[in-house]
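Coming up is one lone chain in structure tokens, specifically the form predicted alone.
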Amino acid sequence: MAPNVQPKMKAFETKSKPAEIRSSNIEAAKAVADAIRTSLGPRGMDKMIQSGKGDVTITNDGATILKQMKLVHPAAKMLVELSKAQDVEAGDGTTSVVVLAGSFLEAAQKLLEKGIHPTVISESFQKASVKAVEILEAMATPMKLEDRHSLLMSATTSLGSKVVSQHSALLAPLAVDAVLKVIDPLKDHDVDLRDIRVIEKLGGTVDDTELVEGLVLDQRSAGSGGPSRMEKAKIGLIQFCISPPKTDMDNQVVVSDYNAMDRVLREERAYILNVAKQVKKAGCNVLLVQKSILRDAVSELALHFFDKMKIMVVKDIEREDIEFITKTLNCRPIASLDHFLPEYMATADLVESVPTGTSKVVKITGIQNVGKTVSVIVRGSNKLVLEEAARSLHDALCVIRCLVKKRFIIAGGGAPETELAYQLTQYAQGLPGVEAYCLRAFAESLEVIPMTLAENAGLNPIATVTDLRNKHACGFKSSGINVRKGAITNMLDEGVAQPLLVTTSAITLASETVRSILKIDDIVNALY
């Protein structure tokens, strides 16, 4: 009887597929990391991004570059999500986190080529990232929010790598003051950045940027003959329209003769005059009106009456601004005329319409029972500079927020990464087998940050990083690359510091993303 011959299994023909998929994912992610690597640090280059519509953005902010980059490969998109996660968690270090992820992937690729299983690499990298956070926390310097020098140092370091770095002497104190005004340093351990309203106004230079204690409205005062300045203001915020009521969509009113037309106009006039009188009777002299979609929020006739009554009107207040305005003024939005009462209004010393660049803004100052909010008017000579100044200010605010969350600072300039590389290498020597090998690879890949800083500053990267390594081996934990002097110096003495949260978050998130990419062994297309 012929032996039972089993059909040859097809599955083993594609045994190399997982390795190919993994390699493809790593290459795609590395390509993204290499693209933004040149924009790391104070001497990093800027990227010009052109959208399909022809809009141009000039920036070196990692999150902004990646958000607008057109990517197809799913693994490359993971790095975009990584920079978004870092932006949410810390607000700064968005370029560093992607560069670190690229370096970790390169280390992982070399380990895979040596035949080490991806799960082993993944677990070792997880262990290394936990150990790295421990080392960072041990070397961090605690600080208090009363220590203004440390706050300014961190904000200035964040702004140092931006296009508007020459204005950091103005923007850094402004960011520190803005955050400290909206929190209670003793109780709060987080900052809601929605309490800091940033208004971009074209015209002037970045030096004209100012912090306003009070409220700034982007709209201008309505009406041509009405007041544009009001002292001892009683402010009412309304959410109903002061214009003739309209019929429903399906209905229509047919007016057949002049008498009926005249009566309609008279009724409209009487209705609007009644509303204006009610507003005046409540003692209101500044009226903020929410924007309406279906009809005019304030009709021309209503504006005419308010001008006569010397009531200042600011119309078209956006719906999303209502919460901020009510929090600042400590008043309630009024939804109907029946509720237009003096107790729902706010009081301020001065409301005035101020020319700012090419347009006007309404400033409300001296508010009684003012809420914990501030407004910042950012100025710029052109649209590109203005947008970049606003983005840089946001990063500086996020850095101060990190210090409120976790009150520790560490040196910048590649110092923490080099110290981690040195200490993790020492730690790896006490581990058995393959794990030690993986940990050493993780430690070496951290040196990509000082290496890139040196490259971007035009220094010899190998000589600089070797020198830096020697300094750390001798116990100088705060030694980093001083790109201005082109030498290795103590970064804390130079005033280059960053929040601990930025670096710990970058290493944790980068290693998580790398572990996710390593675990993928196939890409399947979905039906829908």
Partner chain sequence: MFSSSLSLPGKRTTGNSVRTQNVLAASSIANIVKSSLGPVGLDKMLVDDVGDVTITNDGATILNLLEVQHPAAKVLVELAQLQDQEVGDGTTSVVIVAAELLKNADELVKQKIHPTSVISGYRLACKEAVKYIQDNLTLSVEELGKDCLINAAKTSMSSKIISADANFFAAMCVDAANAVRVTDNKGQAIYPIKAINVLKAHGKSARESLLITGYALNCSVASQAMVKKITNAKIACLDFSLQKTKMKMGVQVLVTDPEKLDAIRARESDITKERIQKILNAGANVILATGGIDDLCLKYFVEAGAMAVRRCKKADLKRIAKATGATLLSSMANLEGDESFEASSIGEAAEVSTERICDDELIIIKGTKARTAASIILRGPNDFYCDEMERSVHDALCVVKRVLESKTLVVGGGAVEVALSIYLESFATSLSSREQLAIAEFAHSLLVIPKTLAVNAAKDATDLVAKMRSYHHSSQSKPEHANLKWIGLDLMEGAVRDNRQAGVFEPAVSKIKSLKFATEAAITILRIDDMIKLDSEDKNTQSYQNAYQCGQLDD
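For clarity, every value in this text was computed on a predicted model and none was experimentally measured. Residue numbers count along the first chain shown, from 1.
There is another form of this protein, the form predicted in complex with its partner chain, and it is not shown here; the text below is about that form.
Using a 4.5 Å heavy atom cutoff, none of 139, 185 and 475 lies near its partner chain in the predicted complex. Interface residue among 322, 120, 273, 337 relative to its partner chain in the predicted complex, by the heavy atom within 4.5 Å criterion: 273. Only one of 278, 426, 326, 381 comes within 4.5 Å of its partner chain in the predicted complex through a heavy atom, and that residue is 381. Exactly one of the stretches 203 to 211, 187 to 195, 125 to 133, 312 to 320 approaches its partner chain in the predicted complex with heavy atoms within 4.5 Å, and it is 203 to 211.
At the 4.5 Å threshold, heavy atoms of residue 58 reach its partner chain in the predicted complex.
Heavy atoms of residue 240 never reach within 4.5 Å of its partner chain in the predicted complex, leaving it off the interface.
Under a 4.5 angstroms non-hydrogen atom cutoff, its partner chain in the predicted complex has residue 49 among its neighbouring residues. In the predicted complex, its partner chain lies farther than 4.5 Å from every heavy atom of residue 369. Residues from 58 to 89 that approach its partner chain in the predicted complex with a non-hydrogen atom closer than or equal to 4.5 Å are 58, 60, 68, 69, 70, 71, 72, 73, 74, in the order they occur in the chain.
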